[in-house]
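Read the single chain below, which is given as structure tokens and is the form predicted on its own.
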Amino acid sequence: MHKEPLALLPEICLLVGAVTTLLAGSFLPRERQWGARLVATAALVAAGITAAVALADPARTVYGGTFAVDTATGAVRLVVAAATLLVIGLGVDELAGTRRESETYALLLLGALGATVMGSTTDLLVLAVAFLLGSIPLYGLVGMLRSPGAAEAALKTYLLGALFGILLLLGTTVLYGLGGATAYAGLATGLEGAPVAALAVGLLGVLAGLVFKAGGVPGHFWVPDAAQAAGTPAAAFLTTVPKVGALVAVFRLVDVLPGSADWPLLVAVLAAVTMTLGNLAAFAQSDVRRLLGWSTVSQVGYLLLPVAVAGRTGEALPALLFYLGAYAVTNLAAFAVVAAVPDRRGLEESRGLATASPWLAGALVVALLGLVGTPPTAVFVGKLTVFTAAWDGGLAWLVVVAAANTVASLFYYLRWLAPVFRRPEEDAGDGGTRPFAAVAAVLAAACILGLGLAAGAVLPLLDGPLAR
């Protein structure tokens, strides 16, 4: 069965950290909940270090072929751990001393664990368990504020999660019945010659559940409501971390499907519809967090480009992994700015931010232009790689659609940036800046530029299609 507990050391760190954080918070007084935060931070750092060390190990599967230990798994572990650390950092000011501080950290760790397992598993049954592990903490995080808006968003997220979770289980059942196995290695051979209609039903069910987790069409309705109504750390987490595990999980699954089902066209259509709908809906938003919610829907469309050409080009998986890391730090930088100035919830309320806090305004410029994909940001390199992979994979029409959507997205990001550099009103007050979130925003912006410049310097040296 290839039982190697040490191969799952990063996941063990997250699980032990979540339990310890919850127990520590239960016994610590409210003014000392920083101890729970310290435990959660230590668990994430330990998970990241052990994941980095594991990258040197040879690629293999453990526990009966249900869990892959390879480059993709290592990338998922590192991105999830780093992103969750940044979420905790930008949320310190908002969560410190609150009644549910330790519970929030425990739910963040459990959600991170679910995303990691989801992106690393090579078995449909483990995928279903990871889906639930990643979803249930999400419901709690969305409703943690106990406000009417948060309650509505939590209910919507839960109902959609239950529906798409059932669809995922239905798809798993159909694929198991057709292929006679739940492990991807068995499905790769067992699904050969399976009826196309039944195979399509099974694939649609599993894809529906995973795309819900990623925040793409058709399970996207919860994202803008949750991003607007949840606490800022929860909103930053749910629009970033679940995508990492869900999209790598989709890639692993479609990579083993037989060519009898035209799944590349299905994924390509989902990508085109998701990015277009997300951009069109973002045009009319005036609340910055709701705008970021629709923005994250559109980003799923771009991230699906390399998934649509899985198996057709060797550049697909590296492009997906890099884009996921670039998007994670960029999206969290934008939310860190939102967390640093919580009183500026509307676009017009951002007026004068450059005067009041030049560093925050600079971080916001880097984050928003990074989400568009302008050089020299990391997402620019990410979009270049996924566009190249999709083009080499024979989906030139999808690259054209994605390029047009990229240009269109510039409009609503500029709608946010324009007031930032206007002169503030004479009677406008300054609600103050939260220091931890401000530091997180500046650090994330520096990472965006540093990662983009480093990748841009290395990219021309690489062999293959990306070097052309």
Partner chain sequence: MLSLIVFLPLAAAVVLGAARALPDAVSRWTWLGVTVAELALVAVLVAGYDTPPDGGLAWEERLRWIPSVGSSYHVGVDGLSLPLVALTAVVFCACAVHALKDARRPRAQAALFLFLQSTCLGLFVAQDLILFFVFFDLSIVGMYFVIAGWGHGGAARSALKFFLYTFLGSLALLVGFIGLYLAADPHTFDIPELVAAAPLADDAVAGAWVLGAILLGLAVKTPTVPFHTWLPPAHTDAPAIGSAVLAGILLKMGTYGFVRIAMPALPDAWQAWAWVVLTVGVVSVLYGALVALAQTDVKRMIAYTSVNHMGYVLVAVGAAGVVADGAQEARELAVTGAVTQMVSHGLITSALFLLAGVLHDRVGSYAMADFGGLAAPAPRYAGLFAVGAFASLGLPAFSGFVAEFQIFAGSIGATWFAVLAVPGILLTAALFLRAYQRLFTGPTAGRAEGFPDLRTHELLPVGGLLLLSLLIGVVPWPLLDLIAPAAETVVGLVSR
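Residue numbers count along the first chain shown, from 1. Just so it is clear, the structure is predicted and the values come from calculations on it, not from any experiment.
Keep in mind that the form predicted in complex with the partner chain is missing from the display, and what follows is about it.
The partner chain isn't shown here, but in the predicted complex, which of 244 to 252, 84 to 92, 364 to 372, 330 to 338 has heavy atoms within 4.5 Å of it?
After filtering at 4.5 Å, what remains is 364 to 372.
Contact residue in the predicted complex, from Ile49, Ala42, Ala418, Leu55 (heavy atom within 4.5 Å of the partner chain):
The residue in contact is Ala418.
Looking at Val300, Val381, Leu238, Leu324, which is the one with a non-hydrogen atom within 4.5 Å of the partner chain in the predicted complex?
Answer to the contact question: Val381.
With the cut-off set at 4.5 Å between non-hydrogen atoms, does Ala455 touch the partner chain in the predicted complex?
Yes.
Hey, in the predicted complex, is Asp392 touching the partner chain, heavy atoms inside 4.5 Å?
Within the cut-off, so yes.
Does Gly231 reach the partner chain in the predicted complex, with heavy atoms at most 4.5 Å apart?
Result no; Gly231 lies far from the partner chain in the predicted complex.
I'd like to check something about Leu414: if you look in the predicted complex, is any of its heavy atoms closer than or equal to 4.5 Å to a heavy atom of the partner chain?
Output for Leu414 is yes: heavy atoms within 4.5 Å of the partner chain.
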